[in-house]
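Given next are two forms of a protein chain, the same chain in both, each as structure tokens and marked structure 1 or structure 2.
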Structure 1
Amino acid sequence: MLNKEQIFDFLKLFKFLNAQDIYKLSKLAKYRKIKAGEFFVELHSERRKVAYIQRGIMRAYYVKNDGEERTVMFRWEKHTIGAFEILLENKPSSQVIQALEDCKIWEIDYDILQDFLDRHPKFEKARKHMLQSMLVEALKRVETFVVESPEDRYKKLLKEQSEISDRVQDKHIASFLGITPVSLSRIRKRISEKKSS
């Protein structure tokens, strides 16, 4: 079930693996597909797993009491996604993870992975690096909310996260930016009017 490309992508997750390591890791990962619209993690799930996305894009979102959805994160090729409440806080997930395109993923058992990493000190750097890059990303995202206006946040997204703005519906982008779809539409209009003048 492994082809070269798949192995290569998976290998990039951790930067310095030998063939034997890859074999070990392949044992704890299950290759599977998720169709657009379907879920990787459902509401209140406690399944301790992570997805390494080989193809496709996913989102994590919360559902408010009135049914409104608020997207907090997008993840696409060569990145991992998981429900942090399950994995890091040992409680049911209050967020949902959904495929926005047909996805091909490696589904990884989180506890087996952690155990593997615990027993292989040479991976400590990789784990640390991964945690740190996620932390930096989250801190920078907080910064955009505190420092920038919704319009500036959207412009920055267009510039620096074209992977998101090109592949995801506007309504999801709006909630990702902390605004409504109507407001995003107005911002888009404002921008296009300024550019043409």
Structure 2
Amino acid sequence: MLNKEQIFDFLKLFKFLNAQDIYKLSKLAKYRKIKAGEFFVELHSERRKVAYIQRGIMRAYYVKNDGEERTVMFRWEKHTIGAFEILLENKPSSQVIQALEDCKIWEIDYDILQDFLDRHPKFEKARKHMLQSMLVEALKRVETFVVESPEDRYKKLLKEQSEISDRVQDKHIASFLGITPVSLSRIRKRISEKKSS
């Protein structure tokens, strides 16, 4: 069961639900630990799970035909994560979700969640909010690659998660930004020089 602090976090996430509503939803969740390097969703998985991250950081990535991994998302504390294709299109996942640190999560079976939401119409807004959030994030991700420079994308990432450089390997951050680790090093140097001047 979620504790008071976690329920409060969910209240901030779903502002239209009250503490009692969150408590009902929390009873569907199972507490789980995932070690660094383990997978929450594997390639071609049909694992219909959603997780709320209590502690730790995960990344979602695609594997290109040549074997190169392309990171598309990071998720850390107080965020939810799941494989979009499985949840929204009922297709096997073409992305992988992996723990980068030892993680503590609250996991919900998406089908059980859907059944709960179907039986409790007042939660329909929560379902729409969750799906809209997924769509908005995907669109924003595309937009940043069209209108922002890698340096701007990196600054935005630092604003969202200031400790990202300490918690995630440079190769994963560079992949997320669509650049090489060498280019990431240059960006950091430029930012450092601007701060010191």
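In this text, the rigid core denotes the largest set of C-alpha atoms whose superposition between the two forms falls within 1.5 Å. Along the sequence of structure 1, residues get numbers from 1 upward. No experiment lies behind these values; they were computed from the predicted model shown.
In this comparison the chain labelled structure 2 is the form predicted on its own, and the other chain is not. Relative to the superposed core, residue 166 moves its CA by 4.8 Å between structures 1 and 2.
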